[in-house]
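A single chain comes next, written as structure tokens; it is the form predicted on its own.
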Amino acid sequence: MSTPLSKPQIIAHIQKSLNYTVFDSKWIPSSAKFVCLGNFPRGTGVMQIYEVQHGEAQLVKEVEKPKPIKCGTFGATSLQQRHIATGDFDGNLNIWNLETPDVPVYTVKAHKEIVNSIDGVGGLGIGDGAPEIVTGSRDGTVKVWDPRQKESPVANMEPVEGETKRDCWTVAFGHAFNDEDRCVCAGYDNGDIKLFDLRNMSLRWETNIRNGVCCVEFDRKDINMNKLVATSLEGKFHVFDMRTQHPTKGFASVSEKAHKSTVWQVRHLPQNRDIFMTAGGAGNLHLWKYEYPAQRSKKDSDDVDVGVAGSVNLLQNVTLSTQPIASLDWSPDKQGLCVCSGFDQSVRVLIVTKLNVV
């Protein structure tokens, strides 16, 4: 029998008030430090580095940038360098060495408008193949960049002429389990989810979840596609089983009405791909576990494989704030350590307990 104390607990360990709007927060790999990205009221960008010490978050470094910074990723860097790639309000993609963050080590005008979302793969020893960064923008395009190649993207997914440009809110890498294969998933403001196959440079699958897609994430980037979670405006999220693609029905999915408002973020636990956390517009966090069905695929009437969706169980939830929690990042090194930031202009370090026994 599960008692309340046997369930994972979400403990707010540190709360730090900031003097700017914070859009993204990320752990620096192999460290007790995290980066906060955002914009000052005067319209400039800011990057801060904090270190967790003795139950406090100590400010290590702060740099101001000309343009507000919307998003960042360490996904395409090596563990030796630990460079962060950021997207800003002016459409620039920059890569920074956090030891000397005054001048970017790589910069490109990636988009005509704000970079809403960024993801990286091929770094940190995660995922095979070249290091690559994907950016999604309000200008409707999704572009893949190789930091070793200046100026032009290695792939550009944009609407065909005459098609209306949709605001791309979220991008994520997946399926990078060998040197050739790699996919990008993108979510748009009209509810479209598109899966681009970078090996064949083709649109592999698309669907519409009828609400703006706030966040998409594969449970792992570096394995044969397993699961994809997509969160949306009306408090719903969808979990797609990506192992079996039916020619007409696509991927099987289960949806859950999680929050009363927008689900801003989803992040899978690095140490267990079946546990994930969603962050909501009412300042709450929900911790979920995905349960697989007895059989993940079956034959339809035409003897074609069709996927079977599992179920999601709520492990724990907590309300941290009255404002939306806009970013969330699990520590890759310490299970259960998590940093999140919200529109109440604060950043929090959380500890989630008992993740090894759920």
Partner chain sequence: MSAEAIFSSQSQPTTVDCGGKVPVEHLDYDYIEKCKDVKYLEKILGVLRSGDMGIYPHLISFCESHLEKLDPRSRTLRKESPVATAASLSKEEWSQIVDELKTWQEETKKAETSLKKQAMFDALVKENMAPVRGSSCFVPLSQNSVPKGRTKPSKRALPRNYREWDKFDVEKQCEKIDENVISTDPPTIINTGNPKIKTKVDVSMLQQQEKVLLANREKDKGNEAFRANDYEEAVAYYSRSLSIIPTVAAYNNRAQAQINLKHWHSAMTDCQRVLELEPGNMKALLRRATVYNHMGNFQMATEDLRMVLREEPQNTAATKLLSQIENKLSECQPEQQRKGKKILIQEVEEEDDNSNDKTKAQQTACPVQPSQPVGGEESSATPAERGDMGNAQKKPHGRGDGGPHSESNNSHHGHWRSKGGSSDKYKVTQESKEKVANGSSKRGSTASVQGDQSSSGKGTPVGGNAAETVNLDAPCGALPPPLARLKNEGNLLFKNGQFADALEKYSQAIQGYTDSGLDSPEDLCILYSNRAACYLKDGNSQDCIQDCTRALELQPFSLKPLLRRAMAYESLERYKKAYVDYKTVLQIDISVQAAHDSVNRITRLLIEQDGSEWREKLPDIPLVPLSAQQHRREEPPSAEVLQARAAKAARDAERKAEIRFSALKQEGNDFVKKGQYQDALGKYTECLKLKPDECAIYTNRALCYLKLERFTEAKQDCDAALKLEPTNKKAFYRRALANKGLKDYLACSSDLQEVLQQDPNVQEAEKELEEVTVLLRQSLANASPAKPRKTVPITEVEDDEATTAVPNCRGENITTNLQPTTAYDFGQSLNAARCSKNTVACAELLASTAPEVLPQYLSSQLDGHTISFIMQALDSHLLEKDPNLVYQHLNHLHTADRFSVVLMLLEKDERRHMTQLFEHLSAVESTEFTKNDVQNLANKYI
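Residue numbers count along the first chain shown, from 1. Just so we're clear, the structure is a prediction, and the values are computed from it rather than from any experiment.
Just so you know, the form predicted in complex with the partner chain exists too; it's not on screen, but the next bit is about it.
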{"property": "Triple contact flag 10, 80 and 178 to the partner chain in the predicted complex, non-hydrogen atom at 4.5 angstroms", "result": "yes"}
{"property": "Sole residue of 244, 253, 261, 211 within 4.5 Å of the partner chain in the predicted complex, by heavy atom", "result": "244"}
{"property": "Residue stretch of 39 to 47, 23 to 31, 62 to 70, 322 to 330 approaching the partner chain in the predicted complex, non-hydrogen atom distance within 4.5 Å", "result": "23 to 31"}
{"property": "Interface membership of residue 86, the partner chain in the predicted complex, 4.5 Å heavy atom rule", "result": "no"}
{"property": "Partner proximity in the predicted complex: residue 111 to the partner chain, non-hydrogen atom cutoff 4.5 Å", "result": "no"}
{"property": "Residue 154: touches the partner chain in the predicted complex, heavy atom cutoff 4.5 angstroms", "result": "yes"}
{"property": "Contact of residue 100 with the partner chain in the predicted complex (heavy atom, 4.5 Å)", "result": "no"}
{"property": "Partner contacts for 213 to 237, taking the partner chain in the predicted complex and a 4.5 Å heavy atom cut-off", "result": "220, 222, 223, 224, 225"}
